[in-house]
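Let's start with one chain on its own, the form predicted on its own, as structure tokens.
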């Protein structure tokens, strides 16, 4: 075992060390060595890079990294969203990148339920997109402690959306966004986008690969046979990233692939794959064309529950995400310009989180579900019906004078559900720029002595408009159906309209 020293090609005074025991961790195109203190890795490309490839690496670790550092929420992006390379080295003609080590939460603490084979292994996203790994009947199912609950996957998806949004704002495309290039921990609701040394810069740095199977956009596969210089050949770009992003979100929330259905396009399996994912790609839940519906009798026993689109249709994700899935896999599947952008997905995910309510079944594995807009909501995962009264809050904003207009934003109430500044005022947008202070709850809903109440913990100007009473800080009001509560008298302040079902 040797400790090797290498110098930065950006600044030769910066020296890095790595441990060489003769058997580096091998990725697709790189050999990875750990630093002695395990704070970073040195990842060497196995094949020598040409001038253009080296220039790309240098820009990624300088120009684009600096753009993130100088931009908004730099710490959030560099710690919670990306594992961004921050230097480049060379040794014996091979180029390496210096990448911060993954957080400990992205390594399995237990792994499989009945084996420690992957204990300590990386939590790449593919472990959490297939139903088999969460089914006790499957020999290689993951330990329940690693899986989290359904709500966790919404925050995972939000992090990924913000990462894609940031890359696209900088004029970059990932080009190989897939569950292999995202680390996930649903327990802490975390996700990190990795393998960022192949980023595409349109007109400057072309893609090195066409992507990973399951995530390659149909237009890329459809034109794959053309010469790379042919103007009709479509290579990975920001629009193809948006296809991969939609597939990732669908798979994290529904644990199946949106295009892998029961239709066989060609008896030759290779041609069939090319058609099913490319020219003939068809959403398995297409509302008008059912030819690619999943054949339930062909599903493996441990895939049957999540794989059955009749049991768990994409509409269980609620109205906002359902609309975007339709845009992504019906309207935009073969028309890239119609695909939802990352910011649209982020907004829809955040609004859907406000629609989520806890399942009352203590042994429900998913623990949360999206309110289905019925008077008797039911958990789609375990079938448990909600019992008791249930307040539903619709948010309104002041349009002009005393005219209030619907935000098309609803907040489900459950015991000890919080109210935040981004609910109170349009001035606070819930994104990566929200400060720690602004994440502090300003009120909460609770079931108190058989009644639903709203407790004001930090709002000035809150007023019960129905009963014409102010609601001072550290006081509470009982909720009733039809009630109107102004949360703030400042410009941008919102009004709550209360509906109580099952009373």
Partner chain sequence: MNRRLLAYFLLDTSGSMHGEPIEALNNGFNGLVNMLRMDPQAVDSLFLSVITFDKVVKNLVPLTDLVTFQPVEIRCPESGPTHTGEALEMLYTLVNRELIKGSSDRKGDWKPLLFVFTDGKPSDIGKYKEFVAKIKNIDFGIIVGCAAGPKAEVESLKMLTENVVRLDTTDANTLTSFFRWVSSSIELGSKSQGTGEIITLPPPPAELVIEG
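In this text, rigid core is short for the largest set of C-alphas that superpose within 1.5 Å between two forms. This is a predicted model, so every value here is computed, not measured. Numbering follows the first chain given and starts at 1.
There is another form of the same protein, the form predicted in complex with the partner chain; it is not shown, and what comes next is about it.
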query	finding
Every residue of 140, 179 and 294 near the partner chain in the model of the complex, heavy atom within 4.5 Å	yes
Contact flag, residue 216 vs the partner chain in the model of the complex, heavy atom cut 4.5 Å	yes
The partner chain contact in the model of the complex: residue 394, any heavy atom under 4.5 Å	no
Touches the partner chain in the model of the complex: residue 301 (any heavy atom, 4.5 Å)	no
In the model of the complex, residue 28 touching the partner chain (heavy atom, 4.5 Å)	yes
In the model of the complex, the one of 327, 260, 409, 165 near the partner chain [non-hydrogen atom within 4.5 angstroms]	260
Interface residue in the model of the complex among 372, 149, 273, 80, criterion: non-hydrogen atom within 4.5 angstroms of the partner chain	273
Per-stretch contact check against the partner chain in the model of the complex, the hit in 226-234, 413-421, 400-408, 357-365 (non-hydrogen atom, 4.5 angstroms)	226-234
Heavy atom contacts to the partner chain in the model of the complex at 4.5 Å, residues of 126-149 in sequence order	126, 127, 130, 132, 133, 138, 139, 140
Core superposition between the shown form and the other one, C-alpha change of residue 20 at least 2 Å	yes
